[in-house]
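One chain comes next, on its own, written as structure tokens: the form predicted alone.
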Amino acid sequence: MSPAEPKPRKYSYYVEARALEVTDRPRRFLETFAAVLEHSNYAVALDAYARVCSKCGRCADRCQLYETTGEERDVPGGRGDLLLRVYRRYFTIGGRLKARLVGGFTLTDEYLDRMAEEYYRCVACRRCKEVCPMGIDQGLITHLARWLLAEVGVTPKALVLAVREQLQGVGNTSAIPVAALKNTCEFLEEELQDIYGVTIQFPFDVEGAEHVFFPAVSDYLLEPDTLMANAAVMHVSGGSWTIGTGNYDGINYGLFYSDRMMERIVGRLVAEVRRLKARKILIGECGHATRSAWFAPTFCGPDAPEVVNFLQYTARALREGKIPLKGKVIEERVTYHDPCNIARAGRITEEPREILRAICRDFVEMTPNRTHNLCCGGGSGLVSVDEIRPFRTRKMGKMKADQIRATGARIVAAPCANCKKQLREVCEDNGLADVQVVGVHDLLLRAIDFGVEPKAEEKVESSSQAMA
């Protein structure tokens, strides 16, 4: 360390915690908190947030949960203060002096239970940050709080089991073995031949390909049209790609509750690309898989493979004239849902619209959209917790349902596995059962001109029915 560099701050609050007779779980929470602050960059953000948060309440106007419930506990600033209060008390000089002189707040098991309840009501969509005059990122606070809670054993079972299966089991969150993966892809190749009259293959373990493909592994079970369209785009554009049998799951639930888990899963993606001597990570239609993969340089160094979302690849190929189209063949009214994880920072907003406008006769926007979009209601992993479906669809998802209804669209294109599941349930539970939720590539598949006529007796939907 050079003389000009400041020495890292040491966080040793847990000595004081013992003196204050903090019980075991709160003590472990504080010890973990200290370690995270000392060995990460979270301390800089928390210190700033703890100093500038004014509890003005402006964030409430952007929270779709608070807009629906009107409950004080759903104001983002109040929720964020649950963690900031712990930080001020145990990790600032003023907080520790005050506790020694006059007593006050002590972290308890009951307080941790309250944190668990409140932080798993937040979808971490970060809409509130847009209006915060101090730029406080409540989504970041939610993420950190969940990580700390996870280290003391407080995490929804669905998230834990998915990550455990991915890291210790078969290697993916849906427990799909390699044999089943290949059988599924062979079936999809037959569907492409039967319906569209073209021979398209899903390549496996091809060394030296430009892209290694990582969709949400659930697509192999639930989204056959999306996968067939992905393969079709690579076929007509002449793309260089492969699927690695060592790892073929882009899902990363660590993003929702633990940086430690997220780092391990991102590392698996990078390791598979390097094993196959490829250059890029190609993520399928999945918002959180894309956002977590963007952390590859953070966790794996500056030489980590480039991350490309399939929407970006397809839009570029379309602009370059590599995807022949039949024209605007989608006649139904279509609207587009912006997944928070790829749209909030403005990183992927225009590419899907380029694709949809090229193939849809009646494309309409939701309001608001792009970086101001409404969350599907199942963000931050809550969509995987089936026990809270009424909360997800009728409280978190109500504003989204109203937004879809206002467009009059018959089709909602949503390029994210989690968003598609959530939006289908939102539509079912809010009187929109006749609205179809599909991927962007599902619609594109219907518009690609393969130079042959599809069999008249076949329908594109047949693939989905067959898979079901």
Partner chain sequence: MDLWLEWARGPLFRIAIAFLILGLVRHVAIAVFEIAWAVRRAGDKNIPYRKLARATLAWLVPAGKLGHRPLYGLTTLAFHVSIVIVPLFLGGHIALWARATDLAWPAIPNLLADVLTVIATAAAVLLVIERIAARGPQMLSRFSDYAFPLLIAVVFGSGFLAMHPALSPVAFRPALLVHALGANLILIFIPFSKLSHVILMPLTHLISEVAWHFPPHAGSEVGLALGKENEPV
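Not measured: the values here are computed from a predicted model. Residue numbers count along the first chain shown, from 1.
Keep in mind that the form predicted together with its partner chain is missing from the display, and what follows is about it.
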- For the three residues F204, K280 and Y313, verify that every one has a non-hydrogen atom within 4.5 Å of its partner chain in the model of the complex; reply yes or no. no
- Item | Y196, heavy atom within 4.5 angstroms of its partner chain in the model of the complex | no
- Message: With the partner left out here, check for me: in the model of the complex, does some heavy atom of A433 sit within 4.5 Å of its partner chain?
- Response: no
- Task: Consider A406 of the chain shown here, and say whether it contacts its partner chain in the model of the complex, taking contact as heavy atoms within 4.5 Å.
- Result: no
- Message: Can you work out whether D47 and its partner chain are in contact in the model of the complex, taking contact to mean some heavy atom pair no more than 4.5 Å apart?
- Response: yes
- Note: exactly one of H288, H337, R392, R126 sits with a heavy atom within 4.5 Å of its partner chain in the model of the complex, namely R126
- Between the options T108, T367, T298, N183, which residue brings a heavy atom to within 4.5 Å of its partner chain in the model of the complex? T298
- Message: Which is the contacting stretch out of 170 to 178, 211 to 219, 75 to 83, 351 to 359, given heavy atoms within 4.5 Å of its partner chain in the model of the complex?
- Response: 75 to 83
- Note on the structure: Residues in 156 to 189 that come within 4.5 Å of its partner chain in the model of the complex by at least one heavy atom, in order, are V160, V163, R164, L167, Q168
